[in-house]
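Before any questions on binding or motion, here is one chain by itself as structure tokens, the form predicted alone.
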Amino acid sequence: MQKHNANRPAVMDLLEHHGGLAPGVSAKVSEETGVPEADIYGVVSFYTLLAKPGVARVCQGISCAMAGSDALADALQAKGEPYEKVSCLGYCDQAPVQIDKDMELTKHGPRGSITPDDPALPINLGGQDDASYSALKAFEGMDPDAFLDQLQGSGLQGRGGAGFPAWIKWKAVRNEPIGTRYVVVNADEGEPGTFKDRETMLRRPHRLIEGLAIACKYVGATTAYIYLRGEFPAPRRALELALAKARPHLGGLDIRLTMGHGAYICGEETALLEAIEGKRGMPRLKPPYPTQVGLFGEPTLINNVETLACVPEIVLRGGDWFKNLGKTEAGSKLYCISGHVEKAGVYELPLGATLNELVQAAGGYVGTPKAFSPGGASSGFLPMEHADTPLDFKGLTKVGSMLGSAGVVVLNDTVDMAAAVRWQQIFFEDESCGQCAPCRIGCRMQRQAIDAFIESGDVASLEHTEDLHWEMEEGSICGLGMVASLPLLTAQKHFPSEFEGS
């Protein structure tokens, strides 16, 4: 039983400090926190960076796999150096990628491109970061209801993948009768093909901090957390420097940086809360929603990095200005693109831009394009006949996909679709938290099915994939299990000739 005064939030930092899963660490952390040792062991064994510290990591995400990451792993093996193949590391624009035991890049391509400096853009990655905090000052002089009207009028939707209207969350947390409230930034960017938040934190950290400060003041929070994925030491350093400069503008606001420890599932908002609280990152059942019962049981506003980075310019230029930037839906959007294009990177375009327009910004296709994934692994694959479909929340849903994190990956005709499916199914199997049986078992079975097909060419190996998908979609607690079959099912649907067997 946990002691009444147990210091649960300290668990993660202490585990990292003492060496993760090393012998005796669980007992030591239990003594220091009052949390039972068995519970501590359950936590440390859940997170990859804690369970397997001190080794190099080679990305096996789809962009890195296409760029030859197996060669990086073979080189480490030949030298006898310990390494681990891991899910997407969030550097798809620099593929293939390898990091060392301290999460620093050791093998990578050139840094990805961005949209050039354009002051007309809300985030403007190519611009000079502004530490004046003029938007925060302007917000402090606004009536809260007037600000909410501007936020609502902007049409800003959550840029992390769900596309939920931002103003509804903000209003819900502000209206909760409970006194203590929190704001949490989801910077645990783990969706394959996605690296826009990484670049925002590196290039425009003050944009994020200012948007976060406005959010805190609106909902009445005095403490905020930025939860960064553990493989992002450089963004952490950028935020630490920016926070030091921002302090005179923040008043008594306490902004805390919390590093993740290698669990994609913590990108799900409730799993992220569990991680901050020092627990295994397993999604909570909803309702209640975090706006009512969130971090430490208090009302909590959770927003993605890009979402908050849009807020300062909405304050300064108005909701209508932001809304009119969009093409089919409101605002601009940071689109990531990698794979078979000339200049992988992050491009800020009107929301609703097409693949062809995005690729034009990225310098064109490499080879003959065959397929693309419009929103990370969770969005499955589409054929090139959809290259002029708007990359927005509604348009992609109509063709059986989703915008998700806007992590676009282009595949040319040198790629075997069964192999591409396998890369994505490995990702979902590795990253399922294991809490619910449909996801835990289904992810493994879908990966086994595509493995069996590749090995034997027998179409019977794929006989039950649709039934498995139905079970996973209906029975999974969170979105991971609900979408984990989409790479396989969409590839079969759009590229049937590649799954006819031999």
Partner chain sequence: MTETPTELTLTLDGEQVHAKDGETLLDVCRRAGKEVPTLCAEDRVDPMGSCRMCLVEVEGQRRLQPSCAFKVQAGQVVQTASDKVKRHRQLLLSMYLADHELDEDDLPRERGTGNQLRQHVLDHGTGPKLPAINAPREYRMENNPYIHFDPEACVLCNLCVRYCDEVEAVSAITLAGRGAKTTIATADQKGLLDTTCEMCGGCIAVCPTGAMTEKPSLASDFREEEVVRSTCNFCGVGCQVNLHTQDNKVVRVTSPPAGETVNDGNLCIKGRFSMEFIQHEDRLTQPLVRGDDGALHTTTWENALKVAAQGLMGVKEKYGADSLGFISSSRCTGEENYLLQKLSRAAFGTNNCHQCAAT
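Worth saying up front: this structure is predicted, and the values here are computed from it rather than measured. Positions refer to the first chain, counted from 1.
Form predicted together with the partner chain: not shown, discussed below.
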statement: the partner chain in the predicted bound form has a heavy atom of only one listed residue within 4.5 Å, and of K245, R111, R237, K286 that residue is K286
task: Examine S45 and determine whether its closest non-hydrogen atom to the partner chain in the predicted bound form is within 4.5 angstroms.
output: yes
Partner proximity in the predicted bound form: G434 to the partner chain, non-hydrogen atom cutoff 4.5 Å: yes
- prompt: Heavy atoms within 4.5 Å of the partner chain in the predicted bound form: does G380 have any?
  reply: no
message: Considering non-hydrogen atoms and a 4.5 Å limit, does the partner chain approach G457 in the predicted bound form?
response: no
Listed range touching the partner chain, judged in the predicted bound form by heavy atoms within 4.5 Å, from 257 to 265, 167 to 175, 123 to 131, 363 to 371: 257 to 265
- prompt: From first to last in sequence, which residues of 370 to 398 have any non-hydrogen atom within 4.5 angstroms of the partner chain in the predicted bound form?
  reply: none
